[in-house]
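Before any questions on how it binds or moves, here is one chain, the form predicted alone, in structure tokens.
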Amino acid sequence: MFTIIDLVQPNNLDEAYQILSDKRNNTILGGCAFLKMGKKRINTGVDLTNLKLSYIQERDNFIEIGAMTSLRELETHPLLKEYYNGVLPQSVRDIIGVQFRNGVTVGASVYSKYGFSDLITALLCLDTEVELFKAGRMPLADFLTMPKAKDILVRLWIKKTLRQAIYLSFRSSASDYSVLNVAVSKLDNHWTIAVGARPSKAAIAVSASAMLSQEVLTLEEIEEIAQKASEELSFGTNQRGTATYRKALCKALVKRGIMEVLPCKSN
């Protein structure tokens, strides 16, 4: 469990950022699901409940998702089932249980850059930007490579396109974290392959993705591309699997993802 000495609920982002910056151990509170799994002493917990950041809205060219939106809302929202072949609901529906998904927030999941995150992998295969209070708006891939700094993730912006996507994961049991997860997407002839739970944070297999730009793909070429994805990314070992096992899983899941996305129409 964790201990909070003081709890504040600011009424605007300026106030929230000021409190966050006052002391090193001050912390933004999302759903606190992962805080409950460890031990941490927090001087001041900053609760963003009053900032109205729990929403999913359709804009002219983007889908906007507030940082306090729960994973359960992602799973059930009709708009997200309609776009991108429903890849975002797919990515979160097997995370532990409904009660847990009701508590976990989008902002906490993405800002923490968890290596095991199913959501980050799915978001990486879309045209996703993050908006930070101080650092501003940037592609998710750029955010994931930035060093950690005190800031507040305010919202996500996902470009509205006809991109078709699929999310796949392998778990040792239904309620466990992914041993490996993969998302594959296609917009016209532009493909993206993202792989997470390596067990480090999700990354795009850039070279393998570029190889998919051909008009026609044979089964042998798909095999080669899946192999390339498993070779260009690094894998590690933890209690859920070895690096060698994850590399083999990557090839299998990427191949399956490509095969499932190929028949989808993006134009």
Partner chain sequence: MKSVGHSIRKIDGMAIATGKPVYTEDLAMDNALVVKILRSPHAYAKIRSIDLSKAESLEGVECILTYKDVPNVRFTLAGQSYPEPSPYDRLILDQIVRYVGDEVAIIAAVDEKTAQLAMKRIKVEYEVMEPVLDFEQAIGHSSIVHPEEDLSCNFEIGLNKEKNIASSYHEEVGDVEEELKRCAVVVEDVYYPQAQAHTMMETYRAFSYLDHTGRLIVVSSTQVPFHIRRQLARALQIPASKIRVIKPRIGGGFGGKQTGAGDVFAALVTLKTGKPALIIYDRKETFTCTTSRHAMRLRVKLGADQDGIIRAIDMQVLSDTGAYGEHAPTVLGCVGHYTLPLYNKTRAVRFDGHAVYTNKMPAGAFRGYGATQGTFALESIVNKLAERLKLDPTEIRLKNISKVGETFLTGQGVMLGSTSLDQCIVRGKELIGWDEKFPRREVGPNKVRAVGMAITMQGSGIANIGTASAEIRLNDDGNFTLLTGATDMGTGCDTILSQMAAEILEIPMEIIIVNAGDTDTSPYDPGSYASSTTYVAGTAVVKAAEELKSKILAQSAAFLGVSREDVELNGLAVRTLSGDQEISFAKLAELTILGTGKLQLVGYATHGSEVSPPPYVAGFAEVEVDRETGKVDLIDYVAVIDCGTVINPNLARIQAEGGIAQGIGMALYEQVRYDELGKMATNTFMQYKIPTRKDVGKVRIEFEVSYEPTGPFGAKSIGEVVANTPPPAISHAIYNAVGVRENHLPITPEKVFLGMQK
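Residue numbers count along the first chain shown, from 1. The shown structure was predicted, so the numbers you read here are calculated from the model rather than taken from an experiment.
There is also a form predicted in complex with its partner chain; it is not shown, and the following applies to it.
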(message) Tell me which stretch of 192-200, 122-130, 175-183, 148-156 has a heavy atom within 4.5 angstroms of its partner chain in the model of the complex.
(response) 175-183
(request) State the residue from Q214, Q239, S234, N61 whose non-hydrogen atoms include one within 4.5 Å of its partner chain in the model of the complex. (result) Q239
(request) Would you check, heavy atoms only and a 4.5 Å threshold, whether H77 touches its partner chain in the model of the complex? (result) no
(request) Determine whether any heavy atom of I258 comes within 4.5 Å of a heavy atom of its partner chain in the model of the complex, and answer yes or no. (result) no
(message) A248 versus its partner chain, in the model of the complex: is there a non-hydrogen atom within 4.5 Å?
(response) yes
(message) Test of understanding: in the model of the complex, would L13 fall inside 4.5 Å of its partner chain by heavy atoms?
(response) no
(request) Sequence order please: the residues of 184-205 with a heavy atom within 4.5 Å of its partner chain in the model of the complex. (result) none
